[in-house]
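Form predicted alone, single chain, as structure tokens, below.
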Amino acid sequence: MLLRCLPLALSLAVLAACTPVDQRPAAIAAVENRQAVTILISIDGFRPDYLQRGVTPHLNALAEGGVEATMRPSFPTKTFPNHWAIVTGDRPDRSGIVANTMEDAARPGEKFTMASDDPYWWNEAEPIWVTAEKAGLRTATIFWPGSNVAWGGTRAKDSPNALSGGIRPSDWAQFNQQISGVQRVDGILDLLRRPADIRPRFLTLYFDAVDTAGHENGPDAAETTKAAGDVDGQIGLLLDGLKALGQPANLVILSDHGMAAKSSERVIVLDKVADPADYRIVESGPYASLDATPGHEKALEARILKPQPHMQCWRKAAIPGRFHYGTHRRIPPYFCLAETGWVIQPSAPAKPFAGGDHGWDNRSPEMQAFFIAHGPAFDQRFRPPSNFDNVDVYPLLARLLGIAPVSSDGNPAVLEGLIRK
């Protein structure tokens, strides 16, 4: 007997009781007049041109029957800053999630990583599921960076670091990469099998396989193309499941950023540019963020602020305004951005490497994200502006849900015409 149930590791709080596929009462669901739900789907690291590789029939069909566009990510083009920008409408400089790895002077000795769920790091920008829950709408997340955080709460400094206060989605799951894409889709469908009074109106779904393949193999590799095809197949399972349930859905499918090829032949060796005694690296890769050793500021500036091959560095306050980046306290005092395809490393690589990465200029073609909207709420005649900003998705989501958005960087006028009048 085939069971398509999520493992207990995904959290019993997220799931309705699993039912064998061959015993599911699909006919019962078909007679219910269901209200449309909104499902926000992220395919991490999915570049717009992946849709032209001949392996994404479901996504291509959704694009053809809906609205497709290229979307500009926020800077830096990293996973956590951009996922948070999409669901809060705030760019990293305002949301406080300024990088995948960051520090805060108010928390000496601590470092934020992609495993950090202390609300302190997240509380500066309210995500859409919190706004919806406050408005009385039930929400559910099968992964989304930050969705496991008790937003607005506090965590005690002393063990056992008890949490007090805060709001999460009504149903949420702690991220586990070993939970397959098929299982994630099944989690969404199980949530939608619930009775109407405990059925979520807004859901998120997150796929990381394309990003992982892009990092390991590069954006042009066969493995990355295969990963795109695999996720497309999982989107197909979701569509089939929604149809079987008779569940209308407004799907917003997008990526957080693109992917560019990197190589050990394109490395900027930081300890050859400046004396390591003059600085401390907070983060490195497509960009590097630096703290000067106390008293060594002038020495560091004399080396890094002059013209450099394949890299430009700025004092934090001098980062170009088009990046909307450089005022938040968590951004270190010095910031260096590599030319797309080049990476900044602390020292020369010990062995050759290749693959893919992201974090470069958000105007770079390789860093662009894709966007598809499909469902009964959308006017497929609408054409979004070229390379609209991903923060503009937030007011669109709020309008779909019929809730008042909080103040944000997102411009509601940009995608206003996407929703049928």
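On a predicted model such as this, the values are computed, not experimentally measured, just so you know. Each residue number is its position in the shown sequence, starting from 1.
There is also a form predicted together with a small molecule; it is not shown, and the following applies to it.
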Segment assignment from 294 to 302, 315 to 323, 224 to 232, 209 to 217: heavy atom within 4.5 Å of the small molecule in the model of the complex: 209 to 217
Could you tell me which one of Pro200, Gly96, Pro145, Pro286 places a heavy atom within 4.5 Å of the small molecule in the model of the complex? Pro145
From the list Gln345, Gln247, Gln183, Asn100, which entry has a heavy atom within 4.5 Å of the small molecule in the model of the complex? Asn100
Residue contact check: Ala156 to the small molecule in the model of the complex, 4.5 Å heavy atom: no
At the 4.5 Å heavy atom threshold, is Arg47 in contact with the small molecule in the model of the complex? no
When the contact criterion is heavy atoms within 4.5 Å, does Gln308 count as touching the small molecule in the model of the complex? no
Residue contact check: Tyr120 to the small molecule in the model of the complex, 4.5 Å heavy atom: no
